[in-house]
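Before any questions on how it binds or moves, here is one chain, the form predicted alone, in structure tokens.
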Amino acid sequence: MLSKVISEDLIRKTADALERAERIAIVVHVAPDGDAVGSSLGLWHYCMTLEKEPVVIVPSPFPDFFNWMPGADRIVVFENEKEKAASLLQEADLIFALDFNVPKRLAEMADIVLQAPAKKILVDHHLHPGDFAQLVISYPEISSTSELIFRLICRMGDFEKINLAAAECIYTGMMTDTGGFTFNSNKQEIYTIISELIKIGVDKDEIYRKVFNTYSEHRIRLMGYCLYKKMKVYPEYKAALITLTTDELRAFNYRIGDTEGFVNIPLSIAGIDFSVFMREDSDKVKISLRSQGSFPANKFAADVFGGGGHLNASGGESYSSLQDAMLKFEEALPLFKDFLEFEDK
């Protein structure tokens, strides 16, 4: 039996909105990760069982290693089909906003979503949700948005409508947003949900293989290059930093998703509790932050890079140079030394 995390009022209002709607649009954040793709497709499959007309619209492409997910081939990528995506959003009766807290996470798609006449329902697990949606289902203590989608469907009394396709997508989102259940995943009810998904038919070992063991040779070589040439360790701050320029990415034939998970690797070094990965893009520096224990990666992200997220997994951006972002990181480390836990000598 799962605890009733989502309030009864939100459950009732969401069920009512679903019943009234026919054309449902589901949107997620730019650069969709496993939880964004998994939660949106999980909800998409559920809406299909209700005989609605759902569509998933993402601002930008997602990594190839999620292409196997049931329904992934039906996702509309805004960057590639702007007119179609805009038309679908304008025609929607209901818009679900999944796995992001504020509209700017939709990038170029933000204004179109905000101006669409449809009722909007936010389902998310990040801190500080915005006020752009009529219904806000926001629970930062939950491990992933995919977990919230599972709970939402069950609370509406429709567990039996979670078919295998939906279950596989939901499991993938839960798995990837917890690093394969290695962080933010120590609550018993997560494994109760996993058990139910396996009963439906999910092969968790096969999903792990499809997501984590199907990388290209270029990605593996890029990973080796990062560790040998680009990783800098700051033992006095129990921290590590990896940076990549656009030229370096190009040299390894970078494709979307190739650097996924690189930020976690330094955390396997004894004595390292904080890891940051910086990737230079054409117009900004993308920054990922991960930590172990009580070190607040989200506070570091917010204070230094104007970002945010969860205690152990956060992100941010810099619109100056990569060198400047690195300097900000190094200058901030001493300010966060009090958050580190050192063993008594």
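Start at 1 with the first residue shown and count on from there. These numbers were taken from a predicted model, which means no experiment stands behind them.
From this point on, the text means the form predicted together with ligand 5GP, which you will not see here.
Participant: Between the options Gly308, Pro59, Pro63, Pro54, which residue brings a heavy atom to within 4.5 Å of ligand 5GP in the predicted complex?
Facilitator: Selected option: Gly308.
Participant: Going by heavy atom distances of 4.5 angstroms or less, which of Arg219, Lys120, Arg151, Arg105 would be at the interface with ligand 5GP in the predicted complex?
Facilitator: Of the candidates Arg219, Lys120, Arg151, Arg105, Arg105 is the one lying within 4.5 Å of ligand 5GP in the predicted complex.
Participant: Please check if Lys299 has a heavy atom lying within 4.5 Å of any heavy atom of ligand 5GP in the predicted complex.
Facilitator: Lys299: no contact with ligand 5GP in the predicted complex.
Participant: Is Glu317 a contact residue for ligand 5GP in the predicted complex, using a 4.5 Å heavy atom cut-off?
Facilitator: Heavy-atom contact with ligand 5GP at 4.5 Å: present for Glu317.
Participant: Quick one: is His126 in contact with ligand 5GP in the predicted complex, heavy atoms, 4.5 Å cut-off?
Facilitator: Close contact exists here: in the predicted complex, His126 approaches ligand 5GP to within 4.5 Å, heavy atoms only.
Participant: Does Met278 reach ligand 5GP in the predicted complex if we count a contact as any heavy atom within 4.5 Å?
Facilitator: Met278: no contact with ligand 5GP in the predicted complex.
Participant: Select from 269 to 286 the residues with a non-hydrogen atom within 4.5 Å of ligand 5GP in the predicted complex and write them out in sequence order.
Facilitator: Heavy-atom contacts to ligand 5GP in the predicted complex: only Lys286.
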